[in-house]
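The chain that follows stands alone, in the form predicted on its own, written as structure tokens.
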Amino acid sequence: MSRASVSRLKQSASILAVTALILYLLGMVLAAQRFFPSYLVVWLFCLGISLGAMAILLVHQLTGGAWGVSLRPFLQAAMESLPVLALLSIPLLFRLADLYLWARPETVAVSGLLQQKGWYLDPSLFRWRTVIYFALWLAIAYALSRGLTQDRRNIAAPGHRLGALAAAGLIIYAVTITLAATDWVMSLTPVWRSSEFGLLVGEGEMLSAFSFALVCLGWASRGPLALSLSHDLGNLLLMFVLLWAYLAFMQYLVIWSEDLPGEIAWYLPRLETGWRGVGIIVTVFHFALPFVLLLSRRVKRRPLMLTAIAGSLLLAHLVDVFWQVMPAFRPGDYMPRWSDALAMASIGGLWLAAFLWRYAAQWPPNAAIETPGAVHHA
């Protein structure tokens, strides 16, 4: 990447951030109650990419491999965008009553179930838990980013120096994402419970982050990838797709077999209404179609095809997050609204601007500037 490209990238990111901020303020002023459910969807989607990027970088520190060399700049920039998402969580924390039944005193007063769960589903405790989650995530991201920057030339080898951080970080990530998924998504339907949902959300985050990094690699590459590296990336993408599908199917199978009111309450509005069509779209584009295509060695060895599959998976994951969240607010209405587009343009735009700034910052003016293609054949 040339210095001129870095300068243009920062300029574009600045313009994008200002435009997104204006749209964000517009949404807050015009229709806050309609805007915040859409806000939650896009915020969760962007948060998933950043956290998934952090998890993949931690995994790479334990395993090593050339695949991490090519994706590291994009994964690191996505991870380093976490502070922006921490700031964007603040408006949500002060609008809990617009999102969650358990945050409305008048609803809790007439619901025995919500009173029983009040020891956990409490607005003050919810906010403190969110602060703790982000404190841990930001601490891991800071330590990992600092270590990777210092050891930039040695990234292809297993990160023994960061091995302890990687092991501890993955454990913390698994625990915190399980609790955070329960707080931010599962509690939208307070009666529902699932022991697999946190793992499913965490795997979806890693899949979306890996897909995002592949799309960025396709965008930034100046030359073709080595066939072996392209094949490895395709195999890893297939692995993420299969693991996500396995967890999603096992959750559905267990709940369908038990047929308990407290467990089917989440699936009924998503499978017995117009939302079923959205679920079919998720099944096809988040699993079936990528699975069939990625079985082909020829497809995996064509970077353009691999980039297209990764892009479709990223969009499918956005639809999946939409399918997880929105039926709680629009039980019979699955069509996107203007507030969804506004949230995507504003919250997504702010996160993308932060990502571009962090990506461009990896090539300081006084340092030797490398192109992404320079590490493709490592």
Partner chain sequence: MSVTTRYTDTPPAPDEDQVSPIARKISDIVLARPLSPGWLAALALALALTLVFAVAIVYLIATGIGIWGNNVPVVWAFDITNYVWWIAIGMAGTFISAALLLTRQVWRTSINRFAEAMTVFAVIIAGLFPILHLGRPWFFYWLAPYPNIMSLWPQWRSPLVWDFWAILSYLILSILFWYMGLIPDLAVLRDRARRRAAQIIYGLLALGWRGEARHWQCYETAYRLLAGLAVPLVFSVHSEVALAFSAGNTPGWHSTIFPPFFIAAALFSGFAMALTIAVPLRSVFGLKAYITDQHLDNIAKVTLACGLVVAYSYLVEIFNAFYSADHYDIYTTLNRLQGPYAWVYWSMLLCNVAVPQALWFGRVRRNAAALLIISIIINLGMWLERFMLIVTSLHRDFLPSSWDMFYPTVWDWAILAGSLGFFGLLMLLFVRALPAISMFEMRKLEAEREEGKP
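Computed from a predicted structure; not experimentally measured. Residue numbers count along the first chain shown, from 1.
The form predicted together with its partner chain is left out here; the points below concern that form.
Exercise for review: Tell me the stretch among 277-285, 205-213, 73-81, 165-173 that has any heavy atom within 4.5 angstroms of its partner chain in the predicted bound form.
Suggested key: Among the listed stretches, the partner-contacting one is 165-173.
Practice item. Flag Asp232 as yes or no: does it have a non-hydrogen atom within 4.5 angstroms of any non-hydrogen atom of its partner chain in the predicted bound form? Key: Result yes; Asp232 sits at the interface with its partner chain in the predicted bound form.
Check your understanding: Ala109: heavy atom within 4.5 Å of its partner chain in the predicted bound form?
Key -> Outside the cut-off, so no.
Review point. With the cut-off set at 4.5 Å between non-hydrogen atoms, does Leu113 touch its partner chain in the predicted bound form?
Key: Leu113: yes, in contact with its partner chain in the predicted bound form.
Check your understanding: Within a 4.5 Å heavy atom cut-off, is Ser194 in contact with its partner chain in the predicted bound form?
Key -> Yes.
Review point. So which of Trp256, Trp219, Phe94, Trp128 reaches within 4.5 angstroms of its partner chain in the predicted bound form, heavy atom to heavy atom?
Key: Filtering the options by heavy-atom distance leaves Trp256.
**Study point:** Heavy atom within 4.5 Å of its partner chain in the predicted bound form - the one residue of Leu88, Met186, Leu148, Leu138 that qualifies
**Key:** Selected option: Met186.
Check your understanding: Hey, which residues along 96-130 are within 4.5 angstroms of its partner chain in the predicted bound form, non-hydrogen atoms only?
Key -> Residues within 4.5 Å: Leu113, Gln116, Lys117, Trp119, Tyr120, Leu121.
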